[in-house]
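Here we start with a single chain on its own, the form predicted alone, put down as structure tokens.
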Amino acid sequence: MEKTIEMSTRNRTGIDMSPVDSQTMIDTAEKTPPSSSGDESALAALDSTYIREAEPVGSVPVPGTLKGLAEATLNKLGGRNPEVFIDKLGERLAFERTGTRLYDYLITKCEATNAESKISIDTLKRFRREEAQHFKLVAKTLESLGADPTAQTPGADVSAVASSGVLKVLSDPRTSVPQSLEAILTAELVDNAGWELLSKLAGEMGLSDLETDFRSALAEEAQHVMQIRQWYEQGALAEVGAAS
């Protein structure tokens, strides 16, 4: 059965649920002096110190093959930084791997809640296949450059942390299909920006064939965004109509 947004007395999170106690809390807070003087500037100064002294989030490993080392050296001599390109490839690789899992969860949730009448399961499966194909494209690209696709680059590390919330929403059995669509839309918007950047980087590196391949992947990702957004908006509008 598909989950819908509803009102319930079980939700007692707002202060209006206990006006007497909440007013007592407010009065007490207004009468109680701060535990220390000053403002947030001391905390900001401490944060600034940590930021300046902290090490970067990992590093890009040196190429593990002679071919990779030679290509990296040639790019260095040409005034380019191949480690930036490799880092972004590693980031996209990690994101596409997560993307396939996101669609696995969404497909299962749609099938379990009988949402097929509103959302095409076949289309979701196609999106899932395309995410997997994009993963293979990036892995093959890294290998062709002499880089190790199994290495965790800084961008991949940060991307995994950033997308962990989306993965939690999709994998939570309590979340509805509309809530899951909103979460996966967030991921797809980021994915689009990532592929657009990769395409530009490939062009800057003089890798015209890769730029073409990445543009094709970007076009498919743009279709994902358009369709997911459409389903997301239709679902929300339908719920409003049902409530009225």
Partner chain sequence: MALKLFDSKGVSLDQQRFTWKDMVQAPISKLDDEAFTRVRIILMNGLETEALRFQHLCARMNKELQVPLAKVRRVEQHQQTTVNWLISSDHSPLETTIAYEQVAVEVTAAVARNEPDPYLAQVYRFGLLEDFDHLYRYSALLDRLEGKDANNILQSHTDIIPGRPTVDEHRAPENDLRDHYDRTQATPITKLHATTIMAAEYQTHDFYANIGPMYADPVARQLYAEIASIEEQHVTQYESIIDPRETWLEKWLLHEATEAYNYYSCVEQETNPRIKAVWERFLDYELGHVAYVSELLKKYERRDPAEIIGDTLPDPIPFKSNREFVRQVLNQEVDLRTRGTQFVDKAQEDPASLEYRRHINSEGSPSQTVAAGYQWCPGTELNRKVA
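Positions refer to the first chain, counted from 1. Please read all numbers here as calculations on a predicted model, not as lab measurements.
Keep in mind that the form predicted in complex with the partner chain is missing from the display, and what follows is about it.
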> How about R129: is it within 4.5 Å of the partner chain in the model of the complex, going by heavy atoms?
Replying inline: no
> Would S22 count as a contact of the partner chain in the model of the complex, using a 4.5 angstroms cut-off between non-hydrogen atoms?
Replying inline: yes
> Even though the partner chain is not shown here, does P56 get within 4.5 Å of it in the model of the complex, heavy atoms only?
Replying inline: no
> Though only this chain appears here, would Q230 touch the partner chain in the model of the complex if you measure heavy atom gaps against 4.5 Å?
Replying inline: no
>> Just to confirm the contact call: exactly one of 215-223, 27-35, 183-191, 198-206 touches the partner chain in the model of the complex at a 4.5 Å heavy atom cutoff, so which is it?
In response: 27-35
> Which one, E143, E111, D172, D104, lies within 4.5 Å of the partner chain in the model of the complex by heavy atoms?
Replying inline: D172
